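Before any questions on binding or motion, here is one chain by itself as structure tokens, the form predicted on its own.
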Amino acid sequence: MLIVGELINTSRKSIREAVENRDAAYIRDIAGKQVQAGAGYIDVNCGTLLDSEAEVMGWLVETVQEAVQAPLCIDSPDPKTLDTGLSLARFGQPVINSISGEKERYEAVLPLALKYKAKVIALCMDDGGMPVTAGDRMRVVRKLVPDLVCAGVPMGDIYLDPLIIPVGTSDQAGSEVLETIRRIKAEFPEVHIICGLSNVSYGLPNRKLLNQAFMIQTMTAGMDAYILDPLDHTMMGFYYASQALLGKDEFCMNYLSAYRNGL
């Protein structure tokens, strides 16, 4: 199970201000706290700073690596920015966020994945647009996964993102994702599945409750990676408890360790 810490993202006001002020101490502190809380990867995203994204990405990557030796998830829609971040990533195997079945995106990002031997978060989307049903998603998966493997990306380095749609916009948004996870696990058992949870609750009250419940549901269906806030103690508590109950925590050692650490 992989946890990617999501907090170093300039869409967050505090991070944007720290970046604009080049407050390296603040960024280092957030990076360190996420790793201490259980994040195995740190996501780095400065996509809101369009005019200086590549330069800021370089500064962020270097700053984060001054604080932690965790591998990084380089997160950007811009291939140049991805290249900058990947070129500076020194610890472990980086992750690219993201590639998709869209022709232009696929052709721009695939060479970077091969050049840096990076893992890839692969969105279940192609030029047909945002998928709605599990069938729509699986149509993309059945082409995207073989294409990546044939190009040289190992099956175990692929993290499929089924693309979560707000449940407030569609009664079946959550259940279609759960069905997609089950189908992926049945057809491509070596591939990983990842998501950011917060989209599911967009526009609804008490969003944390919905996010927490959906994490448990998706984990039961076979999800094995999340992009989330590891400083949310309740969320992480449900994470460790679910792992223990699903038989994925030998002798409940991680659960016990989390308990001793205050989770």
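Just count from 1 along the sequence shown to find any residue number. Computed from a prediction, not measured in an experiment: that's the story for all the values here.
This protein has a second form, the form predicted in complex with a further copy of the same chain, left out of what is shown; the following refers to that one.
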Interface check vs a further copy of the same chain in the model of the complex: of 138, 108, 167, 88, the one with a heavy atom inside 4.5 Å is 167
Looking at 47, 40, 196, 237, which has any heavy atom no more than 4.5 Å from a further copy of the same chain in the model of the complex? 237
So which stretch, 61-69, 23-31, 48-56, 214-222, is the one near a further copy of the same chain in the model of the complex (non-hydrogen atoms, 4.5 Å)? 214-222
Any chance residue 174 has a heavy atom within 4.5 Å of a further copy of the same chain in the model of the complex? yes
So in the model of the complex, does residue 210 come within 4.5 Å of a further copy of the same chain, heavy atom to heavy atom? yes
Is residue 2 part of the interface with a further copy of the same chain in the model of the complex - any heavy atom within 4.5 Å? no
Should residue 149 be classed as touching a further copy of the same chain in the model of the complex when contacts are defined as heavy atoms within 4.5 Å? no
Within 224-249, the residues having any heavy atom within 4.5 Å of a further copy of the same chain in the model of the complex are 237, 238, 241, 242, 244, 245, 246, 247, 249
